[in-house]
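As structure tokens, one chain now follows by itself in the form predicted on its own.
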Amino acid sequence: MFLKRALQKRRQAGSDEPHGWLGLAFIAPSMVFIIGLFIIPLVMTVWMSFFRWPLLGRRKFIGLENYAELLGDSQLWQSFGFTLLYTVLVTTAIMAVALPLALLVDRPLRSVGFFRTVFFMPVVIGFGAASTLWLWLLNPDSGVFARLLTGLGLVDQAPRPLESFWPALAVIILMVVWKTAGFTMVILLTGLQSIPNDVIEAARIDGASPFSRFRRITLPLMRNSVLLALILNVTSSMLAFDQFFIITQGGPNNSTISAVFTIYLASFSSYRLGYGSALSFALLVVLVAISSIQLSFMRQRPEDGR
């Protein structure tokens, strides 16, 4: 009887509320933004991918020829393999740095606010500005790193890390970790602070060691935060461009050309906008597939993974 009355009151309250026009008015600016800056460009990109579309001159419909060429493009597959390698290495490095930082700034210390600010500050710097800064720091003639190493007597000659593949990749990863670990730290810190203190205190009273509490309580309860950080880092790494374009310029010997760098070269160096559009759409499909797999893990409950 009580449930029936509650349902009747809810229906009456719902009938008195205005229609959804007010809600539509609130979301209209966001919808305009999404349609204008995502939906329409996406449709135009797919449409252009079916054309031979030079920067200057008349376009010609060629159907799926751009996608057929894409499958046999050795440079594309090389850049895609490098992008996957970079994504795995840089994502692992970011998580390995961000998680200890989050644990550090989660402590009730007097100066914890200062350290949170310091660790987060590189995030506000744009990738273009950060890449330019590191390119100057790595300059073997006038860079700070070269002068510091030679001044301390650690090396006889200034190092030139950008002239070899693995040192160049290590420099890029180091720069990206410095630039983005603070943002991942904030995401993980949010997950840490959402864990009830009663749970941790109960485990401490039961005699669980700090490592056991971290492995069996902290990590499982911040699972969604870890997965969110992984999704954001993997997506941004797959779309990496600025650091390779500015610091390595694709070298040495075109070994650090990322997938987005390949799209840039096809579209604005070779002036093949149709083929560049096909590459862009193919990369979008790959990103959607990877993100869908990651989101499927996020939707699972912790007990389902046992």
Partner chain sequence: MLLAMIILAVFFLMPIIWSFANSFKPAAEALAHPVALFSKAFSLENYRRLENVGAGWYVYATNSVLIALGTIAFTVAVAVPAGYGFSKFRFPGQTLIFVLVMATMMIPFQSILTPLFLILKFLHLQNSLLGLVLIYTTFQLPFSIFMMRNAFDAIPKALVEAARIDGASQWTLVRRILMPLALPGVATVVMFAFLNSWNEFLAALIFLSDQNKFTLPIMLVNVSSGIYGIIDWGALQAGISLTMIPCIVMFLALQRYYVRGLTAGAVK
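Predicted model only: the values in this text are computed from it and were never measured. Residue numbers count along the first chain shown, from 1. For the two forms, the rigid core is made up of the largest set of C-alpha atoms that agree within 1.5 Å on superposition.
Just so it is clear, the following notes concern the form predicted together with the partner chain, a form of the same protein that is not shown.
Novice: At 4.5 Å between heavy atoms, is Asn254 in contact with the partner chain in the predicted bound form?
Specialist: Asn254: no contact with the partner chain in the predicted bound form.
Novice: Would you classify Pro29 as touching the partner chain in the predicted bound form, given a 4.5 Å non-hydrogen atom cut-off?
Specialist: The answer is yes: Pro29 has a heavy atom within 4.5 Å of the partner chain.
Novice: In the predicted bound form, is there a heavy atom of the partner chain that lies within 4.5 Å of any heavy atom of Pro41, even though the partner is absent here?
Specialist: Result yes; Pro41 sits at the interface with the partner chain in the predicted bound form.
Novice: Does Gly126 reach the partner chain in the predicted bound form, with heavy atoms at most 4.5 Å apart?
Specialist: Gly126: yes, in contact with the partner chain in the predicted bound form.
Novice: Which pick from Asp206, Glu163, Asp141, Asp156 sits with a heavy atom within 4.5 Å of the partner chain in the predicted bound form?
Specialist: Result of the distance check: Asp141.
Novice: Pick the stretch from 102 to 110, 198 to 206, 80 to 88, 215 to 223 whose residues have a heavy atom within 4.5 Å of the partner chain in the predicted bound form.
Specialist: Going by heavy atoms within 4.5 Å, the stretch is 102 to 110.
Novice: Each of Ala168, Val234 and Phe297 having a non-hydrogen atom within 4.5 Å of the partner chain in the predicted bound form: is that the case here?
Specialist: Spot residues vs the partner chain: no contact at all.
Novice: For a quick check, can you give me the residues of 129 to 147 that have a heavy atom within 4.5 Å of the partner chain in the predicted bound form?
Specialist: Residues within 4.5 Å: Ala129, Thr132, Leu133, Trp134, Leu135, Trp136, Leu137, Asn139, Asp141, Ser142, Val144, Arg147.
Novice: Asn253: after superposing the rigid core, is there a C-alpha shift of 2 Å or more between the shown form and the other one?
Specialist: The answer is no, as the C-alpha of Asn253 shifts between the shown form and the other one by less than 2 Å after core alignment.
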